[in-house]
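First, one chain by itself: the form predicted on its own, in structure tokens.
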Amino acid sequence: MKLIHDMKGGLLTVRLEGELDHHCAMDITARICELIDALLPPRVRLDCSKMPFTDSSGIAVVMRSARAAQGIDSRFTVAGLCAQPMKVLRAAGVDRLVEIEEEVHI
């Protein structure tokens, strides 16, 4: 799993590339939270357009990242979800708790 970030105009974009599973979830979560704490962005977008797969650990990554953003009063969104990760997050009800940009990539 690769994490790439970019900060422009008050928007921190964190792009995840590769498969997100329990082997890398804790590290990815820590890195995202560190970025949020260090940069204090008004908006955070988790770009998942290059993430074709996640298991249930992806739920924790999204929720912990969202909580970190909410902790600094930042708006948090998840964008670019492929079909399989979208299915996992919706099945867990994450879409009722976190803003998900609806454009789905196949």
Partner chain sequence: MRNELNRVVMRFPSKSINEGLARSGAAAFASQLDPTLDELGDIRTAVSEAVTNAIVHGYKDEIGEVIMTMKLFEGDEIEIVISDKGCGIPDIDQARQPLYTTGGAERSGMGFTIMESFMDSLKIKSAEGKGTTVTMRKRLNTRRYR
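Numbering follows the first chain given and starts at 1. None of the values given here were measured: they were computed from a predicted structure.
There is another form of the same protein, the form predicted together with its partner chain; it is not shown, and what comes next is about it.
Site test, Asp21, Phe53 and Val88 vs its partner chain in the model of the complex, non-hydrogen atom cutoff 4.5 Å: The answer is yes: all three residues contact the partner (heavy atom, 4.5 Å cut-off).
Proximity of Arg64 to its partner chain in the model of the complex, heavy atoms at 4.5 Å: Taking the distances in the model of the complex, the answer for Arg64 is yes, it comes within 4.5 Å of its partner chain.
Partner proximity in the model of the complex: Leu11 to its partner chain, non-hydrogen atom cutoff 4.5 Å: Outside the cut-off, so no.
Proximity of Val78 to its partner chain in the model of the complex, heavy atoms at 4.5 Å: Output for Val78 is no: heavy atoms all beyond 4.5 Å of its partner chain.
4.5 Å heavy atom contact, Met26 to its partner chain in the model of the complex: Result yes; Met26 sits at the interface with its partner chain in the model of the complex.
Listed residue that, although its partner chain is not shown, lies within 4.5 Å of it in the model of the complex (heavy atoms), from Ala60, Leu39, Cys33, Ile72: Partner contact (heavy atom, 4.5 Å) among the options: Ala60.
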